[in-house]
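Only one chain comes next, encoded as structure tokens, the form predicted on its own.
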């Protein structure tokens, strides 16, 4: 691996370290603050389980974050991660539990603005909605859980010393669960911007075991988070543990458990699959704010006690940090990209042109877009998403959904199917039938990414998406993930 690639990855490690330094407080802050668990014990458990969560359950949320802005050059990934990490570090120095989710979202939007890339508003709205939903949900869970625990203790009549021991064990178990959930949900904040430009290749240990490039990034990010936990998280733990509201050991356990449940709900592919296969509404897999979840749980306990013990001034400082973090990260990213490109001559984004070609027009018509509204733009080439969007916005009769369809169809992303790439995919998680379909296309070139997907679907049923419904949702999401691997493998330089 080239030394420049290693250098670019350091910003992701810095962000992972900053996340561990800040967000470990959300897992063990209440336990350490109430002196029920020693900091060293908390740091060891948190470090181990955050790595496990990142590697084994971190894939779901990275897909959503990647859709928000596909940072497609390592230089851009470096600056996006560095900006987010710097913003989090500055807030950590102030002892504030800020949101790494908000910081990386701010950085990605900063990159989108600099590269004139269209921001995926659907993914952005999903993430923004969780900034409101997650603290409210955590507060509700905390209130219900606290009442249930109070009723249980009142009827169980457990000795005080045994209650103390049970509470300590419960805090350790809840912390382990919370650490796993933190790694699963928030690893997207650390490595999400590197996935489209990943410098790693899949490792095949046997015919049955593959360690993908994404998993390698997640493992690195998980280790970085663990190091942050050990080296710099104690101060924020004490702020969360006692600065916002004085908590009893039982209340501390309720807060950690409530926070962990919220993170798990928004990160579990297994839960999504269970809900979908049973015809139930699914929960979006998005990286939610660990800080907002734990603060929401603490406020829930405070409201249950009448709100008198809540230190509103501390809460105001935390809220101000939440507002400033994404703005600061976005500004640092935009300015940093300018210097990285113009002073240090580094490639911070790969230009993605658009062309309203005949195949693209035919696809739009098939999908129900009234192409007559922009007939004079047919065969025109646009160098950025912003340029084609501005040209189309002048036309009447086009909805926001139509604009998304047009951008997807017109994006130029040359695919060249070659034997070397097919061989590299043979031991991946593609089926034999899917690989065979790729082999039949060896030597073909496709100017639009969707053309390769359509060609594969015509050849093999295993490449065809199923009818859109709740039951088939998981299958179609998995198929899109496999296609994303194919696109990365066969993408040619424009």
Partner chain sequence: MDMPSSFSLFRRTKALETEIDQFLDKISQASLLFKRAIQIYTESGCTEEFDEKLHQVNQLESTADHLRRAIETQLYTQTLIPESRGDVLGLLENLDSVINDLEGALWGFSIEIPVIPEDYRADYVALTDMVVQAVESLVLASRAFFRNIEAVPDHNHKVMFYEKEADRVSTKLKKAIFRSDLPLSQKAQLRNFVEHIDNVADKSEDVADRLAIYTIKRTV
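Numbering follows the first chain given and starts at 1. Bear in mind the structure is a predicted one, so any value in this text is a computation, not a measurement.
Heads up, the form predicted together with the partner chain isn't pictured, but that's what we're talking about next.
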(message) For the partner chain, considered in the predicted bound form: do all three of 477, 481 and 484 come within 4.5 Å of it, counting heavy atoms only?
(response) no
(request) Determine which one of 152-160, 178-186, 106-114, 276-284 lies within 4.5 Å of the partner chain in the predicted bound form, judging by heavy atom distances; exactly one does. (result) 152-160
(request) Examine residue 34 and determine whether its closest non-hydrogen atom to the partner chain in the predicted bound form is within 4.5 angstroms. (result) yes
(message) Within 4.5 Å, heavy atoms only: does residue 312 come near the partner chain in the predicted bound form?
(response) no
(request) Consider residue 440 of the chain shown here, and say whether it contacts the partner chain in the predicted bound form, taking contact as heavy atoms within 4.5 Å. (result) no
(message) Within 4.5 Å, heavy atoms only: does residue 169 come near the partner chain in the predicted bound form?
(response) yes
(request) Please pick, from 75, 421, 249, 317, the one residue with any non-hydrogen atom lying within 4.5 angstroms of the partner chain in the predicted bound form. (result) 249
(message) To verify the annotation, which of these, 144, 165, 387, 367, has a non-hydrogen atom within 4.5 Å of the partner chain in the predicted bound form?
(response) 165
